[in-house]
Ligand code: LER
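Before any questions on how it binds or moves, here is one chain, the form predicted on its own, in structure tokens.
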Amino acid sequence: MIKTAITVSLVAQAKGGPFVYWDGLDAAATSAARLGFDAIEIFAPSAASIDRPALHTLLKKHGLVVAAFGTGGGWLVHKWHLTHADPEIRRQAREFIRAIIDLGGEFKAPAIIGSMQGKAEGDVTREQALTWLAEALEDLGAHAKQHGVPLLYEALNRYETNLLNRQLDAAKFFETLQTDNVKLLCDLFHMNIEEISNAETLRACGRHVGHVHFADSNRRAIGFGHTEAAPVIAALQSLGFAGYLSGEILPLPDPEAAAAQTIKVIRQHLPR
């Protein structure tokens, strides 16, 4: 069964970014539960910033789980990423992600590698960057498997990275790895820039699809742009997808309205 999630950011440096809730986990969980979401997706500044016992209590109180933990705080706060020219920065990036994988493991939630993948720039060629990325995914994917969760990799659009922009290219890249524990996070906003058909792309990626960021063409909630939700959901159903549709979207016109629009569209196509 396809599940629903909505995003909450705890990273001050991300202000203005595509996350719905910004006023703490308690407020986010209260609103998400009231609207009928299954889970929250958490963007934290670090693994150590999360009070784990308090989060367990909060989730139980509201009947929620964690869909995933983002790792982009490592880039926004520290400017670390996995394909940096400096080996020490690459090491710090990997250890930052590893700590979030361990955090996620406690909640049976995967970690997301998005902005932390970096890009080829300066003296770092694309070939070299992809080699370092593969090494990191091998290591971190195997580490996540110890917790019984996948590692999620997000193929970003061409304006954010020059590594892997299209979903099928990323899926084929995974097939060169020894680990089978790296899955695609398919973000419809990025896909609207890079793909010919969102639905056909999802079908082509098949078993590699692990998580979906349910965002419209303008990064607002689905229904506030020109993305068609029905073909996307039909494609996911045809795959037997049982992951999350997660609203990683701008909080417009306000967080509550953005979240309500997200769950409304999902329920139109996936009634309980």
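Don't overthink the numbering: it's just position in the shown sequence, from 1. Computed from a predicted model, the values in this text were never measured in an experiment.
Below: the form predicted in complex with L-Erythrulose, not depicted.
Picking from 148 to 156, 94 to 102, 133 to 141, 169 to 177 the stretch near L-Erythrulose in the model of the complex, with a 4.5 Å limit on heavy atoms, gives 148 to 156.
Using a 4.5 Å cutoff between non-hydrogen atoms, Thr201 does not count as a contact of L-Erythrulose in the model of the complex. Using a 4.5 Å cutoff between non-hydrogen atoms, Glu106 does not count as a contact of L-Erythrulose in the model of the complex.
Not displayed here, L-Erythrulose is approached by His190 to within 4.5 Å at the level of heavy atoms in the model of the complex. L-Erythrulose in the model of the complex is approached by Ser115, whose closest heavy atom lies within 4.5 angstroms of it.
With contact defined as any non-hydrogen atom lying within 4.5 angstroms of L-Erythrulose in the model of the complex, the contacting residues in 203 to 239 are His213, Arg219, given in sequence order.
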